[in-house]
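The chain below stands alone and is given in structure tokens; this is the form predicted alone.
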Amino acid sequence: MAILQQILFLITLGIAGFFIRKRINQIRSTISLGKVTTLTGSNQERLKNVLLVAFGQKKMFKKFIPAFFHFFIYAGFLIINLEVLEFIIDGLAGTHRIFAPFLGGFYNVLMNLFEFLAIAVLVACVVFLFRRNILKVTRFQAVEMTRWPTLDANLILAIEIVLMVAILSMNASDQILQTRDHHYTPTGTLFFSSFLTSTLQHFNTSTLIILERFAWWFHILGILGFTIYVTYSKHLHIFLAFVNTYVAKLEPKGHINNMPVVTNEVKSMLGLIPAGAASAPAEPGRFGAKDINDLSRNNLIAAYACTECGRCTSECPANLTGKKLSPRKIMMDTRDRLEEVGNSIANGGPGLNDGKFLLGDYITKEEINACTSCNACVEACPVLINPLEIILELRRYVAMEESGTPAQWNSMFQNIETSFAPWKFSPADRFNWAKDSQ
């Protein structure tokens, strides 16, 4: 029986590994469609962001109640999955609770900690389901939260609940079997699962063995299935949030990236580039961004790392005044376009040459023109995503490639070019307003 379990487990692990690897390669190749950018600043500062923001959940606690419950889910995901290591070793070696004899009494402490976190995760998931579906928190009801994003969030929460129940059921039946069959390794009393033992006590030994094995297999299959599913879900942020916080901009939030080609051209005209220095390329390529391949790889990583929490949109002044702009939708649309192109390439399709573009087919000019560039969305994001960078690149394309900006903007651009201010008056008269106040 143990050999059969080992064979089945090895096959299961191999199948899951195949699909996970295939999906990771697809995501990597899709992100590689973006432009390569050079990271600036120190690695120490970037690692600090990873530790404080991604690992430490620092920015989550600006909203304490959801952050409190999210912390339990997050901690449970990290710590309970240490038990999965034992599951994998037991599955491959045909053993049962292989760490128990080596850890002694500490094993009981660990298992009780795991069960506490399982209960905490279960409670947190119920609270989040209640907030989303009964209280209907405003930021989860926006127009971009269509059927799939809503279903995706609820599915993950429901799966988490079922997986936690499986752990507790397995431990409860295991505790009873420890008193009936010497093959079951003693773990000591497990506080939370012991509340289920009275319900299971009247089952015969054979039934309990089946229940324990079913719960064990259900949990490990659930974990493997969950891992595959996450790569197609918004919950990919579980992994990519760490990457995104590392590659995120370190400059002040008001900093806007210049276009090197334009910068070099201006410097050349002003005589600021020394003779013999490398000049800008004759063909600068596309100004701004029309599709995902015009964005940086960091922007594409951010799209995959988006948690769809809606904190950015709930802080956006344009959205709050009824405009169509939603920073969350910008990131979701970018990811949707990434997925469409990635799936097309993976299936031998046209990829980027399908006649569609991020600008126009996914994100409209009305949306990007509503942005005030205030950086409220950037400040609000718990994983350092920068929707403004994508918005600005799309606006650059409209302005510099299509000359499609609103007429009022064009007059402002002309005033800035000639008078160095949005208003049409001489720079020499700029401080005339101060004369009357003296």
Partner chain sequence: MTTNLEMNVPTLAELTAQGESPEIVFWVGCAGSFDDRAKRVTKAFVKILNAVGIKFAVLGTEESCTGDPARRAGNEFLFQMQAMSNIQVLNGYNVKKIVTACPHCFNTIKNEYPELGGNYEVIHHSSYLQQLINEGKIKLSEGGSFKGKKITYHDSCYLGRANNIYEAPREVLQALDADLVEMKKCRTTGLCCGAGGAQMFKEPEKGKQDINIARTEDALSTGASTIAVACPFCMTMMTDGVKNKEKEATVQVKDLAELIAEAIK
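Numbering follows the first chain given and starts at 1. Here the structure is a predicted model, which is why all the values come from computation and not from measurement. Between two forms, the rigid core is defined as the largest C-alpha subset superposing within 1.5 Å.
There is another form of the same protein, the form predicted together with its partner chain; it is not shown, and what comes next is about it.
Contact annotation: of the candidates Arg180, Lys136, Lys253, His183, the single residue with a non-hydrogen atom within 4.5 angstroms of its partner chain in the predicted complex is Lys253.
Residue Met269 is the only one of Met269, Ile210, Ala93, Leu151 with a heavy atom lying within 4.5 Å of its partner chain in the predicted complex. Proximity of Ile31 to its partner chain in the predicted complex falls outside the 4.5 Å heavy atom cutoff. Within 4.5 Å of some heavy atom of its partner chain in the predicted complex lies at least one heavy atom of Leu320. At a distance threshold of 4.5 angstroms between non-hydrogen atoms, Arg395 is in contact with its partner chain in the predicted complex. In the predicted complex, its partner chain sits within 4.5 Å of a heavy atom of Thr263. In short, of 46-54, 22-30, 64-72, 371-379 it is 371-379 that has heavy atoms within 4.5 Å of its partner chain in the predicted complex. Candidate site formed by Ile3, Leu221 and Ser233: none of these residues places a non-hydrogen atom within 4.5 angstroms of its partner chain in the predicted complex. Looking at 330-357, no residue comes within 4.5 Å of its partner chain in the predicted complex, counting any heavy atom. Fitting the two forms on the rigid core leaves the C-alpha of Ser426 displaced by at least 2 angstroms between the shown form and the other one. Superposed on the core, the two forms differ at Ile416: its CA moves 2 Å or more between the shown form and the other one.
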